[in-house]
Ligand SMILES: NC(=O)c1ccc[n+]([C@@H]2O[C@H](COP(=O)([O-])OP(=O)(O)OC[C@H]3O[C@@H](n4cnc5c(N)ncnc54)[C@H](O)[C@@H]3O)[C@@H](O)[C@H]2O)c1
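This document opens with one chain alone, in C-alpha cells, the form predicted alone.
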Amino acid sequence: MPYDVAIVGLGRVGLPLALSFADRGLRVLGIDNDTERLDTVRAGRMPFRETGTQEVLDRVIGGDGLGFSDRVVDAAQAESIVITLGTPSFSHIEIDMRDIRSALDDLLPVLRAGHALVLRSTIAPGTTDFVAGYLAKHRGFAVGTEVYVAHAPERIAAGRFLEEIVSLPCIVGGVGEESGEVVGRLFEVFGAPIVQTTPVQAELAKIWTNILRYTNFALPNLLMIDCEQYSANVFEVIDLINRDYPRGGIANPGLTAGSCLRKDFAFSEERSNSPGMLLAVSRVNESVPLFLVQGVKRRIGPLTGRKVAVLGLAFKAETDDERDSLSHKLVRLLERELADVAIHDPHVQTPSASLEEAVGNADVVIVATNHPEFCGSEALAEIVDVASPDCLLVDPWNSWGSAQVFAYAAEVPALTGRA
C-alpha cells in the first residue's frame, strides 16, 4: 500500500491531523471534495488559521509523504482510513449521518482485509457499532479480526492542535480488542497516552466533554439574564460567588456557540431518558443574542436607523472559525430591528470594516467575540473617541473590566480607571 494513513475530510480536524502524521514520517493521503481547498493546500497555504500549522505545511508540502485526492475511494490505498467528516444534526435532535454513510458506500467495494477504519468525528452513541455492522452486513467482514473499526474522538481546542495532539490522552474505542490495539498503534506516533475503552464509552466521553462545557457556560448566561431582571450586576454577583470560596468557580457570561458545543448535546438528547434538560441548556445559550438586543432597546429605544457596531464574527476569541457563531444570529436580530449594522473582525475571512469604520458615529457597540484586539485600553479609547458621544457599549465578556454588560461610552473609562 502506498500510504500509511488516509484522512477523509481536510477541515479543521482533518487537515492538521494529516499534516501532523506527515510531519512524523508517515505517508499520508489527504482527501476532500472541496477542490478549491485542495488547490490551496497543494499551493502550500493553509485555508484557515490553526497555530503553527503553516510551518508544518511548509515542511511537508512537495515531498513524497503527503498526497491529495478528491475521491473517497482512493482512501483504500492506505492501511488506515481516518474519517473526519462533519456530523451535523437534524434540527439539533438527531444526528445527520449522510456524509459518513456516503463515505462508507464509496469505500465498501474497495475495503479489504487488514484495513483499519477510524471515526474521528463527533458521533452519537452507537455509531461506531453501526459502522462495524454496516461493513459486516454489506461485505461480510469479521470486524476486529479481518478489518478494524474504532472511534478515536477529537478533543482538541481550536488554536491548540499542535500543543494538544501530543499531550491530551487519546481515547480509542475499538470494536474488539484487536481494533483498539491497531488504531492505538497508529496514534502512538504523537507520544500522548493511549486510553483503550469500548466504542460507546469513547462516544459518550466525547459528547459529554462538550456538553459539560456547554452547560457550564449556560449558568453564567442565565445568571446575566436574571440579574437584568432584578437590576443586579452580574459581574459583582459572580465575584461574590467566587471570591475566596472553595466551591465557587462560575465563569463569566458570553456568547456560547461553535460547531461542537452548539450541536453535540443533540447526540445525547435524541435518545435521552430525561428529555428536555439539555434542550433547556441550549435555549439559555441561544437566547443571549436576543437578550442583548432587548437590553439595548430598553436603554435607547427603537433601533430603526441607529448604527450598531458588532465586534467579532468568530465563535470564540483568537480564531477565524465562524461556524455556528452566535454573532451571525445577533446580526440578523439587529437587522430585523432595522438597525444599520457595521461589523469588524480582524481574524475571519468574511470581509468586514476596519475598527474605526465600524464604530465611527455608532450609537451602539457590541462586543460579540472577545478577541484580544477588543480587550485593551487602546481599543476602548478608539471606540470612545470616534463613536457617538452617547454611544451604548455592550460587553457581556467584561472585555474592558468595566463590570457592566451595558454602559455608556462616557462612563466606561471611569469605570475601568482609564479616565
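Throughout, we count residues from 1 along the sequence that is shown. Predicted, not measured: the structure shown is a model, and the values here were computed from it.
The form predicted together with this ligand is left out here; the points below concern that form.
*Does the 4.5 Å heavy atom contact test between residue 167 and this ligand in the model of the complex come out positive?*
No.
*May I ask you to check whether residue 262 falls inside a 4.5 Å heavy atom distance of this ligand in the model of the complex?*
Residue 262: no contact with this ligand in the model of the complex.
*asked:* Is it the case that residue 99, even though its partner is missing from this view, gets within 4.5 Å of this ligand in the model of the complex, heavy atoms only?
replied: So residue 99 counts as contacting this ligand.
*Spell out, yes or no, whether the shortest heavy atom distance between residue 42 and this ligand in the model of the complex is within 4.5 Å.*
No, residue 42 sits far enough from this ligand in the model of the complex that none of its heavy atoms falls within 4.5 Å.
_Non-hydrogen atom within 4.5 angstroms of this ligand in the model of the complex for each of 10, 85 and 121_ = The answer is yes; 10, 85 and 121 each reach this ligand.
*Answer with one of 78, 158, 152, 218: the residue that has a non-hydrogen atom within 4.5 Å of this ligand in the model of the complex.*
Only one option qualifies, and that one is 158.
*Which residue, 139, 299, 185, 323, has a heavy atom that falls within 4.5 Å of this ligand in the model of the complex?*
Filtering the options by heavy-atom distance leaves 323.
*Just one stretch in 373-381, 30-38, 359-367, 58-66 has heavy atoms within 4.5 Å of this ligand in the model of the complex, so which one is it?*
Going by heavy atoms within 4.5 Å, the stretch is 30-38.
*Within 188-224, which residues come within 4.5 Å of this ligand in the model of the complex, counting heavy atoms only?*
The stretch 188-224, when checked against this ligand in the model of the complex, contributes only 206 at the 4.5 Å heavy-atom cut-off.
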